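Next up: just one chain, as structure tokens, the form predicted alone.
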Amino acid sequence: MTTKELIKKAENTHLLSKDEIVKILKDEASSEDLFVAADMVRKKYVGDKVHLRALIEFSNICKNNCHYCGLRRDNKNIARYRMNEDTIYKLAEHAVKNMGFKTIVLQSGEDLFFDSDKLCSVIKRIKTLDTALTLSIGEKTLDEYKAYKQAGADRFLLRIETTDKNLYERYDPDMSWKTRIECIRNIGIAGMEIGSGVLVGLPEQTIESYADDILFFKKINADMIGIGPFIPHPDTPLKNAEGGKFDLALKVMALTRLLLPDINIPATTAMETLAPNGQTIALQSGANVIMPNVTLAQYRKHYELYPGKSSTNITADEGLKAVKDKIASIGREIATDYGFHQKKSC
């Protein structure tokens, strides 16, 4: 089959082999066909509404030492912070009551201070606001995931970053690829929606590994997948790496839409950081979610996963207005529901 025929096959059947995915990713001449197909599948399965999730980065303290992340334990050039429960709640309250968000996303480094009891207290309090709640706080035990679900958490985001076991364990020292996979599966066992995702552009990642990533998303029956280009941070071991390419990250995202047609896919902040109007382009290439940052500026500037992170110098309200303008500029609307994964027969 030609690349165009493979894209049409994916559009109609949502099935491709690894070799077929690799062929599409390698063919730069057919990129636009891929983006158009992904946008059509997005429209068919999840519609024209864009779901907004309010992101609260409540702690930048992390026990891990990942080579690509600015929050890594050994980075001594970062001002560490940890919000208390009242601050977290007040930010969530403002996001829901004053800004109109239907989902709160609580994100942090793997901060051991927030044990299950503390987190469940935060979760229960936020759920009184009549909002969906996503957690993005790292590897936990099955019992902890079950406790979060019992307290009211609806979704959990745990990125795999790369399904290449050797690369994962090289860039995530003292961490286990097998444990990561088990944690992702345990999220589903606990009853929460499964969110994951990958970086595109880590040193020695290959087109073949991106194909494995996409097939992995399908294998775990993901509900949400976030894909973004790797952007080197100056205070990490990978500071001199080349970094990821916007177009390749966009292609991986578009193929993910074709193979998992009804899931939620965010237009990531890294896309916007790397390319002008990157989030708008992503929304036109298969994405249907944006996560505006509502963290106070005094904290947000210190949650630097990568340098140049967009929207760090504007208020949450200014950021929301900018996002709304982007969505309106391409004729899309903001969703008014909670944005759960609506599984449809493909």
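The numbering used is simple: start at 1 and walk along the sequence shown. Note that the structure is predicted; figures quoted are calculated from it, not measured.
What comes next is about the form predicted together with ligand 5AD, which is not displayed.
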Next on the checklist: So if I measure heavy atom distances to ligand 5AD in the predicted bound form, which of the stretches 252-260, 156-164, 214-222, 183-191 falls within 4.5 Å?
Outcome noted: 156-164
Checklist entry - Using 4.5 Å between non-hydrogen atoms, is Gly195 touching ligand 5AD in the predicted bound form? => result no
Next on the checklist: I'd like to know if Phe230 sits close to ligand 5AD in the predicted bound form, meaning any non-hydrogen atom pair within 4.5 angstroms.
Outcome noted: yes
Checklist entry - Quick one: is Thr131 in contact with ligand 5AD in the predicted bound form, heavy atoms, 4.5 Å cut-off? => result no
Item to check | Non-hydrogen atom contact Leu305 with ligand 5AD in the predicted bound form at 4.5 angstroms | outcome: yes
Checklist entry - Which one of Ala37, Leu52, Cys69, Ala316 is close to ligand 5AD in the predicted bound form, taking close to mean a heavy atom within 4.5 Å? => result Cys69
Checklist entry - Pick from Asn264, Gln205, Thr103, Gln107: which has a non-hydrogen atom within 4.5 Å of ligand 5AD in the predicted bound form? => result Gln107
